[in-house]
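Encoded as structure tokens, the following chain is the form predicted alone, with no partner shown.
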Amino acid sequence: MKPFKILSPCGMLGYGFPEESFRRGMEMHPDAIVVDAGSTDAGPHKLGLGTAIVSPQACKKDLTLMITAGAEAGIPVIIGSAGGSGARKHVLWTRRIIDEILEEHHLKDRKIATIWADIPKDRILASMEAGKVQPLGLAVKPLTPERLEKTTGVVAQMGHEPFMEALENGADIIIGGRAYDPSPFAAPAILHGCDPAYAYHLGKVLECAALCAMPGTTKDCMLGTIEEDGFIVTPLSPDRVCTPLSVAAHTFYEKDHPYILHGPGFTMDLSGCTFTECGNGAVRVTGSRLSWDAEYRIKLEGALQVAYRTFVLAGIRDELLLSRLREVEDLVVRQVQRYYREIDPDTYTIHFMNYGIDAVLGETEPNPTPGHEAGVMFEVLAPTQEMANMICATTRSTFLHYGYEGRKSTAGNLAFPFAPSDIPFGPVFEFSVYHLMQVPDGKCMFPIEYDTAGGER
């Protein structure tokens, strides 16, 4: 089998990458340029609101290099989870940017495949009634017809199959909706005849680009080469090297099991992998195994608006207050609740995060010892923005002047870095749909449309 090469420019489309690294990768004659554009790392807000993770200018800067280079080399450019969350709004946002690039660079003849990942609610409801939908993890609230109806929209993570179909039909540019992160990388390799285990394992490593290198970053390029009995990852910057440890560590990045990885329709077992240095900062991986599941399941993601948020950021340097901060915060909350006794306290939330003490780990922090100062961020979640603003303002003023026992100064307990101090955030979302749904195969839920630049959609 002829080795198959994939160029991964960056770990997130719009994060940016050095042009010299990208050019060095193109000089190695890759067979495809593939980039991941999405994530749920930042929570459900972008999906719920229909906004992108990065700016259009940053996305266009990255895509311009990728699309023009892909056209010159005659290789496909593949995007997964377009726009961040991969819903229709995000895909169309990406498509408008691509149309601008194709117009400006006289490449309007490029064949574009758009793969939609939006899942109709009636289809989900029917699957729920048939017992074919199950929660992904214990923290997910039960999915009821009422919660599904209130959900702004639902996407599903597609596997490699829709991307393969688009490539088979001659697509030069593929704009994929929400996808399992390695799938866009695996698709061209599997189509080429590569072992799916190595195609998906390499996709898992390449999805974050040079994060598998030392020093790790998502803002630099990597080249992956699949051979018959393994694959090689090669950094494209002279400032980075891969080591067996760095590549192995990234293999298990963001996973809940040390060597078992689940994807759409398959399970990978990486317990028998070996990671070997092979010169020039590259690492070779062998021993990946993949088995196809008896039942094909796709991961559903949907966001539900649950509140509005207003928050305040402040600093504290009074050692007396720091020594009893949680106690004072509880007293502040009680005073605010007494003041607004006409409002049911169960309808809103006042939440404190004390950075420098226990804001990151909360109650599980093993060493909650205050330093000489701490940053305090408190937020109010309420049914309306007006109520959130009102309760947050009262919380801030109460906290600012609260006369705790032992206080020596009445000038104020909090130092604010900004004015105004209260920041209305807007809508707050939670994942209402974070479930697995059984489907007949990997293509049926992901329709594909083909056209050229400026085509009707």
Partner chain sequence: MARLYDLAKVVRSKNSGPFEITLDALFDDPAVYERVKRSGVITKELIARLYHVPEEHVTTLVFFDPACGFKATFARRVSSGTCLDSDVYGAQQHVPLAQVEIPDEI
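Definition used throughout: the rigid core is the maximal C-alpha set that superposes within 1.5 Å between two forms. Numbering follows the first chain given and starts at 1. Please read all numbers here as calculations on a predicted model, not as lab measurements.
The same protein has a further form, the form predicted in complex with its partner chain, not shown here; the description that follows concerns it.
- None of T364, T347, T369, T144 but one reaches within 4.5 angstroms of its partner chain in the model of the complex through a heavy atom, and that residue is T364.
- Proximity to its partner chain in the model of the complex, taken as a non-hydrogen atom within 4.5 angstroms, holds for one residue of A73, I343, M353, L125, which is M353.
- Per the 4.5 Å heavy atom criterion, its partner chain in the model of the complex is contacted by stretch 427 to 435, the sole one of 408 to 416, 427 to 435, 384 to 392, 60 to 68.
- Not one of E207, L261 and F311 places a heavy atom within 4.5 Å of its partner chain in the model of the complex.
- Although the partner is absent here, E228 lies well away from its partner chain in the model of the complex, with no heavy atom inside 4.5 Å.
- The shortest heavy atom separation between A294 and its partner chain in the model of the complex exceeds 4.5 Å.
- Proximity of M28 to its partner chain in the model of the complex falls outside the 4.5 Å heavy atom cutoff.
- Looking at A130, you'd find every heavy atom of it more than 4.5 angstroms from its partner chain in the model of the complex.
- In the model of the complex, its partner chain lies within 4.5 angstroms of at least one heavy atom of each of the following residues of 227 to 261: L245, A248, A249, T251, F252, Y253, E254, K255, D256, H257, P258, Y259, in sequence order.
- After superposition on the rigid core, the Cα of K108 moves by less than 2 Å between this form and the one not shown.
- After superposing the rigid core, the C-alpha of R326 moves by 2 Å or more between this form and the one not shown.
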